[in-house]
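Presented below, as structure tokens, is a lone chain in the form predicted on its own.
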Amino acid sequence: MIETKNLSKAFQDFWAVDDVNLDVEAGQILALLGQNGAGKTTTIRMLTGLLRPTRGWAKIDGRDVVAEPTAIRSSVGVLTEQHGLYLRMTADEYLDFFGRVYQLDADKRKKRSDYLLEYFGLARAAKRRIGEYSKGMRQKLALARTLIHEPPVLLLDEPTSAMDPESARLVRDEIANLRSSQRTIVICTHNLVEAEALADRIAIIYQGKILVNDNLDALKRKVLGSPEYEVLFSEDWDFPESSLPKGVEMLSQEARGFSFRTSAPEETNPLILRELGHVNAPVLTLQKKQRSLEQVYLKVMADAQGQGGLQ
């Protein structure tokens, strides 16, 4: 649904985006992560046809973003960091206006507007001027505008910023529902917990280049190494490293447990449990240590900055 090849954008002699390659299938959510100024917004603007690439190309649903910009904009919903809300309009006037922009008939505009205002908890404020709205209400209205024409592709820049936890959860649930209806979604966010909960794939961009792009499990293995496990005892117990099977690396050891790394847990962990049983060790638990997207992101960025950016 979204495909780019060597997508690049230069402003004079500065490459804001440099050879970005993406491939996002229908029904997938891609989280595009990176620091401010890394190239996320420039990439989104090229995907919508607002910026012409300096090099490379991008396609949405098989259509080239440069050759068919009008068709692209009709099939894409965009939530930008700066919403561009018309503060003197009321919410229902605002959604009706954009329904007209997308050439929806009057009945369709009314149904979609009423549904979205109700869904995002804005129905009671539909007749109020947008200038009177709180930041969170404006964010929800901007997202409603993004969905007014039921686009198959959504490009969302910080979709839950300025929202209270309840409203943010509502938006996350809606994004998950949209994925299940075969919509393709790209989220630019600094909220790593949100990205981890929603995304099928994670791409991290730094100085205009994509450093990594894969599903989270693959990134954990690639960036953080083999899975880590932890054994906890119910009392002090000494389990010597020499008792571990071949290929298992002891990472740390304390009086009431130890942690280890193995690339073949289905083979080594039963052997470890068997050995613990032979010596009557008071085992409380043996469990996999949780590794987060935050750990992956920080490691990737530290490596990139230490090397002056990955090539």
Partner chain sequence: MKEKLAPVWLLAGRELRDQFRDWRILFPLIVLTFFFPLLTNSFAGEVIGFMNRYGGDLILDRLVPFSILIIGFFPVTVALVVALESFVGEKERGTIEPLLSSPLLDWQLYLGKLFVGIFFPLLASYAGISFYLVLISHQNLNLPPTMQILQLLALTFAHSVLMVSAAIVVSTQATSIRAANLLASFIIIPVALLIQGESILLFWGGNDQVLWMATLGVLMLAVILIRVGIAHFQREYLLGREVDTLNLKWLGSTFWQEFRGSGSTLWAWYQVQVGGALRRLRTSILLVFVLAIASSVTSYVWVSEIAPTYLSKMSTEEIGTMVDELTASGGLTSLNENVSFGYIFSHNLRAVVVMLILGVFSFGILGELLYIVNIGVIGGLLAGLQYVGFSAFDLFINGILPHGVFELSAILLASAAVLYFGAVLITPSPERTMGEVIVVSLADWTKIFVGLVVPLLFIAALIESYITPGLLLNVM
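Just so we're clear, the structure is a prediction, and the values are computed from it rather than from any experiment. Residue numbers count along the first chain shown, from 1.
Same protein, other form: the form predicted in complex with the partner chain, not shown, and the subject of what follows.
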query: Contact stretch among 204-212, 99-107, 166-174, 189-197 - heavy atom within 4.5 Å of the partner chain in the model of the complex; finding: 99-107
query: Non-hydrogen atom contact Arg112 with the partner chain in the model of the complex at 4.5 angstroms; finding: no
query: Partner proximity in the model of the complex: Leu117 to the partner chain, non-hydrogen atom cutoff 4.5 Å; finding: no
query: Heavy atom of Gln290 within 4.5 Å of the partner chain in the model of the complex; finding: no
query: Partner contact for Asn280 in the model of the complex: the partner chain, 4.5 angstroms, heavy atom; finding: no
query: Single option in Leu271, Met250, Leu286, Leu50 placed near the partner chain in the model of the complex, where near means a heavy atom within 4.5 Å; finding: Leu50
query: Leu224, Leu147, Met89, Leu122 - the one with a heavy atom within 4.5 Å of the partner chain in the model of the complex; finding: Met89
query: Within 45-78, the residues that have a heavy atom no more than 4.5 Å from the partner chain in the model of the complex; finding: Arg45, Leu50, Leu51, Arg52, Thr70, Arg73, Ser74, Val78
